[in-house]
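Given next, in structure tokens, is a single chain: the form predicted on its own.
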Amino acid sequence: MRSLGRPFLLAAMALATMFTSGFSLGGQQGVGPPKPVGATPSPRQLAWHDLQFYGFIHFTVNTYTDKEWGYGDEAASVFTPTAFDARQWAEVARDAGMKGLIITAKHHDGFCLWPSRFTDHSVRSSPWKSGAGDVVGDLARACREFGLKFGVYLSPWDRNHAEYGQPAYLTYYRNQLRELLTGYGPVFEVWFDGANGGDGYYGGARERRTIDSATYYDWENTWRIVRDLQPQAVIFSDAGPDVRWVGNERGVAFETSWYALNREGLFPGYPNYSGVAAGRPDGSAWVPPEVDVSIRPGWFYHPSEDDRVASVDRLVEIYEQSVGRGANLLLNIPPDRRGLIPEIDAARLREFGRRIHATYAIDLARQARAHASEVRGRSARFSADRVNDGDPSTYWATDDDLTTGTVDLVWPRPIRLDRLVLQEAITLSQRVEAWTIEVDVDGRWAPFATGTTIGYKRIARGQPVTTARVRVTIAKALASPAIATVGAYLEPAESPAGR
């Protein structure tokens, strides 16, 4: 009998590959992508999502007075770092896996970490470097050297300034904002909080001042300064407009977290913010959450907290309950009175960075073959193998009339895993409302994890299991699912040291 020949065999192999990827003959190669079903991210927000993890630097006169909130009457002479090194901050942040650092350029006490032209209450009046220092400038340069993004926080409240509460203060505040946004290179995030008045020094008045926090700062026009001077920077506050507060400082995002939000009527310091912090699927604006938490109980360095630095296990937990629930993580790492990240903090951060890298460096799903219950238009463009091709810009999708579906990953031989990572194609909006993951154990499906929203990233952690097959089921969605990634990982065995 005559051999069919190599061309026939190659064609047969190609057909088999198409079928196992969820693609069949007759597929519509020209079928288009799903349409968004709600709010979608801007380019600046997409770039922000990709950062995932960065650091906060709280450092000012409070570091030397052992306070969390300075009153505003602290003399500039108390600011006396003896071994200040912004490069050490940046190096530690890089080793921890952070992608940027945000500096408290001015906290509520009003002391400025840069030599502002508009006040003497700054490093210019301190003994440090004989008044010639600039913490903000040094950190901006260190971030560039170590490949980090640079951001700034400028407290709206100022307990030092004599005109706080009056229209003249808003001019002062905006002038300082312009200084920070024009003097230090690209800024990736500008951070505004809701601390809006109370007791203070206020130039010697020593009184309590209150404002209408909804109107006093004229936020839309204040934020326009950021848009004009740093158009690629995202703006953080309770109200966005680009990034919102998660609503707590415990290091945890909501289990069900929608990126969409109705911003109408919101402002930094909004009194009923907890009621809207989780977002809503029908929100009109894309305003994803950021989780802010400190490695220590306080935000500024306090010697009494040297034995209360978060363990490596705790940092991993924070990471997987923030980044792992679709938020970005802003981890505070306060320098001590020398002007250095303390040794214990630095050691924990570096070990944490090694742990996260070791856990997520190798995606075991790349070794698997993917199969889907349904494929959009039977097109290879949306086939199952898009979820494990290593390219987050591609995705598996179903036809518009389907809001459920499954993807199976099948390995040629069993692997061991304890984490699955899911990602949606968020350029098409956030769509998934419920999902489950099962693993094949001895020929039977066993539950591994369940959840609700996915968004940019969802880390599903379970008990270590050996399996050759994983099934991800999208059980409910606002519209046809569009899944960019299904990744599989295993945390390596670790010694208890540093935990």
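All residue numbers are counted from 1 along the displayed sequence. If you're wondering where the values come from, they're calculated on a predicted model, not measured in any experiment.
The form predicted in complex with beta-L-fucopyranose (FUL) exists for this protein as well; it is not shown, and the discussion that follows is about that form.
E424, D292, D345, E189 - the one with a heavy atom within 4.5 Å of beta-L-fucopyranose (FUL) in the model of the complex: None of the other options qualify; the answer is D292.
If the cut-off is 4.5 angstroms on heavy atoms, which of these, D282, D199, E249, E145, is the one near beta-L-fucopyranose (FUL) in the model of the complex? Looking at D282, D199, E249, E145 one by one, just E249 meets the 4.5 Å heavy-atom criterion.
Any of the heavy atoms of R386 lying within 4.5 Å of beta-L-fucopyranose (FUL) in the model of the complex? No, R386 sits far enough from beta-L-fucopyranose (FUL) in the model of the complex that none of its heavy atoms falls within 4.5 Å.
W299: heavy atom within 4.5 Å of beta-L-fucopyranose (FUL) in the model of the complex? Residue-level check for W299: yes, a contact with beta-L-fucopyranose (FUL).
Partner proximity in the model of the complex: W69 to beta-L-fucopyranose (FUL), non-hydrogen atom cutoff 4.5 Å: Flag for W69 set to yes.
Is there any non-hydrogen atom of E91 lying within 4.5 Å of beta-L-fucopyranose (FUL) in the model of the complex? E91 lies outside the contact set for beta-L-fucopyranose (FUL).
Heavy atoms within 4.5 Å of beta-L-fucopyranose (FUL) in the model of the complex: which of the stretches 434-442, 41-49, 447-455, 56-64 has them? Checking each option against the 4.5 Å cut-off leaves 56-64.
Give, in sequence order, every residue of 179-200 that has a heavy atom within 4.5 Å of beta-L-fucopyranose (FUL) in the model of the complex, or say none if there are no such residues. W191, D193, A195 sit within 4.5 Å of the partner.
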